[in-house]
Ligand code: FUB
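For reference, the chain that follows is the form predicted on its own, supplied as structure tokens.
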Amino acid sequence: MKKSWIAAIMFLPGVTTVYAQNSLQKVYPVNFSEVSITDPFWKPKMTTVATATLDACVSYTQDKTGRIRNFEKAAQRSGKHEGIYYDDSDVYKAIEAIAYSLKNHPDATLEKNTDGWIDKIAAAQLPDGYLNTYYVLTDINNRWSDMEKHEDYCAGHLIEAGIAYYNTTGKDKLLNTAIRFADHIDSVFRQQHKPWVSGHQEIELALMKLYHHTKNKKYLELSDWFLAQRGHGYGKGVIWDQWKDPDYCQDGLPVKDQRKITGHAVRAMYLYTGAADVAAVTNDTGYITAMDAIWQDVVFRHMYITGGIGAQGKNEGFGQPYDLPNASAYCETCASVGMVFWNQRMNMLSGDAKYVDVLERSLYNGALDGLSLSGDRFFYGNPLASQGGYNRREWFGTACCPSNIARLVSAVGNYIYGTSADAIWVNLFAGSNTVLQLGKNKITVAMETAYPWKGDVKLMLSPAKKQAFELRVRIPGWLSEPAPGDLYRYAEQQNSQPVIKVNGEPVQFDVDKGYAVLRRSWKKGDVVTMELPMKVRRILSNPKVKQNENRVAVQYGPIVYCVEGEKDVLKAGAVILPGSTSFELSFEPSLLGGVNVIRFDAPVVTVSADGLSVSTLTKKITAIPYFTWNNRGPNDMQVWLPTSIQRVSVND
């Protein structure tokens, strides 16, 4: 893919787009397809996804469930629909994940099989562009009658898949199918001024990708139209008529009037991602004002230390502020994936590193926990405590999470670098190579690091010709605070700063919105190194989080740790972590795929079988990264450890 800053082209995940005149946008992410991943942490995970995870997705989508058969039947306009009404979306997300993976791991057999899927999808499309196997195989006269039935949600994932597959393979059959469906939706609703509220948001962000890809303004207008439908009482269907809960899908108020997070977490993340995309083009500050307030509500009052969101299982979403139970935490994997999407867009619009800090926390902890180290087992929800009965599963009836985490890991290159008119931005630290274009000059960038296990980062910059520009490198927020706001704080305050050198010489740098700004005339072979002071840190919650009262969590770099009881020998909830605890850090290459572990001596409480006596014995405890738990069997686990015997429980 060619990039020309003369034409002012930018890169979003899976798309190519043109700079909006007077755009609010500050940072333009470099597309995953432009980034080669060499990282010792991420590359093995991408390989696992390319094999085991996608094998699982293909097996369950094609053979073990009726998802592909539904398209075959719909093409014949006869047969019984199998599964759930939104199952089409799982096929589309699988194709999108496959597209990202094929870019990094070409696989002719997988591509041929996917082409076969696409032929069946295209054949199922009606002459007017409509495509949904549930209504085609039940009663087509009922289409567009229940706003909760995910027709537009499925359309959004079809659009994303079509763009991704075209960008990787150059094949446009799925993309053209998606365009026909988008045109159908536009003709039925926006052009006819027919109200429609999406019961499960996704179409908004997908239409923005289609707008950027095609340069057709009607898709921007349709996305904005979908946003503007909310909060006016237009909703009809089970959410509105039976549940009487428009806040469940963020329809209680117009988007621009919203200030608090409500309802279903995944729906919210997709909605606000789309709103940020629209605002970047339209300069509509109403959306930004709303999202700034909502973001603060999420991060300051509703976010788990893992970056997970959605405390309640009953609505798969948000409850009361500061109510963050651990054992019953829902924290859907898809919601953490959505946090990555939304926070990237917020960073794009503001140039503020705090959004990448939250993105990173969700990525390395809340999202990655959803995928087993083997790649073929998955968490739907991600609790922060367990008594041993919670395990990853092969698949789910509602199978959104496996393909969602697969597409995120396969496209992790989307989140590493960014550009602006006169700057290169480094957001995440992952071994990688890319070539960026500033003006008429090309700059080759290579990064080497052992992050997140070590804090040394090496950047090699080689512009084709000497050029003055800014290098903006994120200073991780975890150096000074666990997360923005006052929801969490370190038990021992320490505001650390990195040491940055250029060609071996320490340099002074300005700090702007969390970025170290290096201004100089760069030449071929320049080397920038950054040393991030990393140490084990104890984290405390805001006292308003009653579940974590007299408890601490442990973190090293961006990684949250947990204690896992192995085969019931050690009850995780019975480990006490006093304030005087000393920690030992070591890298264990043969454990859990190679991880840093934290060891410490701690009192362990034992209760007699009859429950009449309690004893305490000091033992050597090994804490592991949270995202690696439940890879050694159905064990107890605890993130927030009690500081006294009175708090020994995993039930909070």
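Just count from 1 along the sequence shown to find any residue number. If you're wondering where the values come from, they're calculated on a predicted model, not measured in any experiment.
Just so it is clear, the following notes concern the form predicted in complex with beta-L-arabinofuranose, a form of the same protein that is not shown.
The putative spot formed by 266, 316 and 400 is fully lined by beta-L-arabinofuranose in the model of the complex; each residue has a non-hydrogen atom within 4.5 angstroms of it. The partner is absent here; in the model of the complex, the one residue of 153, 478, 130, 379 having a heavy atom within 4.5 Å of beta-L-arabinofuranose is 153. Between beta-L-arabinofuranose and the residues 392, 571, 302, 200, the one pair within 4.5 Å by heavy atoms in the model of the complex involves 200. Stretch 258-266 is the contacting one of 426-434, 542-550, 353-361, 258-266, since its residues have non-hydrogen atoms within 4.5 Å of beta-L-arabinofuranose in the model of the complex. Contact check for residue 369: no non-hydrogen atom falls within 4.5 Å of beta-L-arabinofuranose in the model of the complex. With a 4.5 Å cutoff on heavy atoms, residue 332 counts as touching beta-L-arabinofuranose in the model of the complex. By the criterion of a heavy atom within 4.5 Å, residue 240 is excluded from the residues contacting beta-L-arabinofuranose in the model of the complex.
For the chain shown alone, residue 86 is a contact residue for beta-L-arabinofuranose in the model of the complex, at least one non-hydrogen atom being within 4.5 angstroms.
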